[in-house]
Every structure is written in structure tokens, then in C-alpha cells.
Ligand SMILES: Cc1cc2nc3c(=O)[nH]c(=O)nc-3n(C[C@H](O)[C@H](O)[C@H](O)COP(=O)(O)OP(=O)(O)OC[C@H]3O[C@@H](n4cnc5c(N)ncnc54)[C@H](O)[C@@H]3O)c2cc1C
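In the block that follows, a single chain appears as C-alpha cells, in the form predicted on its own.
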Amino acid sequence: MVDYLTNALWTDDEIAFRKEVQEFCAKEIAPIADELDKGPYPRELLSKIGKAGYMGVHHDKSVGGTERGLSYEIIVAEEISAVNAGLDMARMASTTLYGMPVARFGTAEQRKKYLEPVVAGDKIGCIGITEPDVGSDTAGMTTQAVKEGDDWILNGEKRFITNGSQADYMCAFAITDPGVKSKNGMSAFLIDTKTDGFSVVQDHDLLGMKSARVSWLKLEDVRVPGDMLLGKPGEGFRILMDELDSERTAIAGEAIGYGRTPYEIAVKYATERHQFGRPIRAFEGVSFKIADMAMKLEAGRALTLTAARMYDRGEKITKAAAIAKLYTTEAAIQITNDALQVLGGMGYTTDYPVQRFLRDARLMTIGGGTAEILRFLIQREVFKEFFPG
């Protein structure tokens, strides 16, 4: 990997950490990157990632993390995704999508029991938001939790849940007060997936992200003890929104990885491949594609780091995270598609992993907030800034 312009934006420790993660990926992931997409689910590899400390860079030391912050999480996300995107999707679903709500809203006892083993890589987590009829409109959630004594009884379905069939724990969102607007009547719960009534309907067969498992789940009279309520009753929507900002920033980091490897492959191929008596890099139809790829990667990395820095300072990042995710995920699709075009027929074969990265990248203008929803959020935040109150 070559040095990038945006190295000027990183600290020496962050640059050294990136090299450390790259060495881990080269040793543990790269040799089996293609095989991972054929299964089984890489639980043992996720455990290795946890033991190396890469599940816990943005978690407190009290739960086994290193408290380095989201700026380090996006480094991990980029580097693992640059080798195998689905693997990092599984890792991030566990440590960020599931982990951050528990970290920021859980009690000390909840963090100890339900987060520490996830950070260590011994357990897998997932987050239950999306439903068969609820995607971008999270306020339309229909899963309900009814109080029964000290317990809660949950009923509903969750769909497109990363790690769903593999998870030991789920952070599930449900309506606890249907008499008010769902933004005020939603709560979050920690569920042990071995609990009676929790079942897997199916794992979805996806176009890409084959290393992960994305599942359709059913909750039928799942009894959740009162001490597994996350935060306070009615606080679920706030927890959900808080999680999405960190998730979107981490996905932006992943998207840089999806694009980076195909870009590097295209640069090398354009130099080695000759047509009409010269390397194809000599033709503007090819070299201008390379220029566009480089530009998008540099801009995307800077946008992503900005959002991460703001988050680590405790600032609101709804707009910054949306911008970073929207730009990088759309750029990753363009970069991987252009890289395949540079390789021509070879790019369409499985001899090169470019086609795998293109299939993987395509998901992320949908998951974690569609491109359309992110544009809505960005313009909303812009108008709030210009016309507050």
C-alpha cells in the first residue's frame, strides 16, 4: 500500500496503528479472503480480531477496549474491508452496531456481561432495527414489548439483520408505548438469542457480502427480564439515532477499503497491460479513470476522518456522518465499477477480486441509511444551520 495525501491528517500513532492492522490482515485474512465468501461464517477469525484488540478500539478499558476512539475504528474498518468486506461487516455489526448502544447506554452490569465478551471476540452481537415493513421509516416500527410483572414480552419480526443467525446477543428495538408517537414510545432491549421464542426464519442469499450472515428473525413471546432494558423506557429512538451516527461513519471507513483495493489493482494492471504497443495507462480513457479514483479515495478518507474526530470530541455528527457515508459509498461503487472496466474481460472473471468488491460495495448505498435518506438528512441539517429555531 502506498502513502496517501491524507496521511497529513493522521497522527503518528494512528499511522503506526494502520500499519499494525495491515500486517494482521496480510497474515490472517488475505490468504483466505476469497475462501471466506464460500463459508462457513468466520467466527474463529472474528475471535482472532477480538484477541488482537480490533473489536475494542472505541470501547472503554473497563470492558477490554483500548479507548482509542472512532478515528481508530475507521482505520480498522478500512483495512479489513480492503481485504474482505463481508468480514468487516460482521465485525462492525458486533462491535459498533450492537456494541455502541450497550457502551453508551448500558449499566455497568450490562456492559460487563453483554459487551465485554463481544469486545474480546468470544461472543457475537447484532442490532435489531429493520423489519419486513420498516426500513428507512424506523418510526413505523411494529415490534412491541409489553410489560408483564418485572419482565417484558416481545413480539415481532426483524429483517436484514447482520449476524442475526450467528449472534449470541441482540440489541432489539420495540414499541413499549403505542399510545404516543413512536419516537417517544420506543425502547431498546438486550436479548440472549438462546431465549425461548427467538428464531431464525432464514439467512438471506445476498449478491455480495458473502462472509457475513444477514438474517430474517422472529420474536414470539420472547421474555426479557427487566434488567435487560437498555437505557430508560421510551429512550429507544434516541439510542437508535445515536448508534446510526457512529455506524454511518464506520461504514464510510469500510467503503474506502472497498474502493482502495480495486483502485490499486487497476493502477498495476494499467501499467502491465499493453495494447497498441504501449501500456494502457498511456490512454486517457484509462488514466483519467485512475485520476478520478484517487481523488474520490482521498476526499472520502478526509470526510470520514472529520466525522470521526467530531464524534470523539463529543460533537453532534448527524450531518458529517451522513455526508461521509453518502460520498464514500457512492464513490466505492464508481471506483469498483471503473476498476473492472480498466481490467476489461479479466475484471469480469474471478481471477481478480474486483468483481467481489463491486458486489460488496453495492449494498452500502442501501444498508445503514439509503442514499436517498442521507440526502434528506443532509439538506435538513443544512437548513437548520441557516434557519435555526
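One rule holds for the numbers: they count along the sequence shown, beginning at 1. All of these numbers come straight from a predicted model, not from anything done at the bench.
Form predicted in complex with the ligand: not shown, discussed below.
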Ile378, heavy atom within 4.5 angstroms of the ligand in the model of the complex: no
4.5 angstroms heavy atom contact with the ligand in the model of the complex for Ser136: yes
Any non-hydrogen atom of Ser246 within 4.5 angstroms of the ligand in the model of the complex: no
4.5 Å heavy atom contact, Gln22 and the ligand in the model of the complex: no
Check all three, Leu97, Ile127 and Leu363, heavy atom within 4.5 Å of the ligand in the model of the complex: yes
Residue (of Arg301, Lys289, Arg159, Arg260) lying close to the ligand in the model of the complex, criterion heavy atoms within 4.5 Å: Arg159
One residue of Ala294, Ile153, Leu206, Val267 in contact with the ligand, assessed in the model of the complex (non-hydrogen atom, 4.5 angstroms): Leu206
Segment assignment from 224-232, 160-168, 305-313, 267-275: heavy atom within 4.5 Å of the ligand in the model of the complex: 160-168
Sequence-ordered list of residues in 352-381 near the ligand in the model of the complex, where near means a heavy atom within 4.5 Å: Leu363, Ile366, Gly367, Gly368, Gly369, Thr370, Glu372, Ile373
